[in-house]
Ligand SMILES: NC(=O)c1ccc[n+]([C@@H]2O[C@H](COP(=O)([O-])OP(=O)(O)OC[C@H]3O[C@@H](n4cnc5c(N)ncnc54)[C@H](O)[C@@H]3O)[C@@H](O)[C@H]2O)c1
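Take a look at this single chain in structure tokens; it is the form predicted on its own.
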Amino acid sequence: MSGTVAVVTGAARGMGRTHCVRLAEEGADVIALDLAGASDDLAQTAELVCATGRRCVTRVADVRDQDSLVSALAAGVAELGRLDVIVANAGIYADLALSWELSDEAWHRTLDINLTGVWHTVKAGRPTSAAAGPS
């Protein structure tokens, strides 16, 4: 991973934080994205990444909002110079209920984050990734 730049959504804690740190340990710089309410946790993720000797750019973005992802990724790429790896990690387990017991609202929120959020992340990152090549 040496010399690469990775973006990780849901980077403030849990698996997202673990992905960020592991990527940094393997030599990648990291663009760490999460919701505004997770700013303190996101800062802690950045500290852990920087402790490995790698760079970390943090930005607020909601995977349900394509425009926020595009802006956050553009800022991260502007600072770190490239994008090589996309880790669409953000996800939720809604209401800790069985699927047939979920409200329509909880179901749609889960799909918006866990499914559409992945699509949004890849869609926002692909044009700026080093692997994209010429359009």
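Note that residue numbering begins at 1 and tracks the sequence as displayed. Just so you know, these numbers come straight off a predicted model, no measurement behind them.
One more form of this protein, predicted in complex with this ligand, exists but is not displayed; see below.
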Residue 15 versus this ligand, in the model of the complex: is there a non-hydrogen atom within 4.5 Å? yes
Spell out, yes or no, whether the shortest heavy atom distance between residue 27 and this ligand in the model of the complex is within 4.5 Å. no
Considering only heavy atoms, tell me if residue 113 and this ligand come within 4.5 Å of each other in the model of the complex. yes
Spell out, yes or no, whether the shortest heavy atom distance between residue 10 and this ligand in the model of the complex is within 4.5 Å. yes
Which of 46-54, 100-108, 74-82, 59-67 lies within 4.5 Å of this ligand in the model of the complex, heavy atoms considered? The stretch 59-67
Considering only 20-55, what residues come within 4.5 Å of this ligand in the model of the complex, judged by heavy atoms? 34, 35, 38
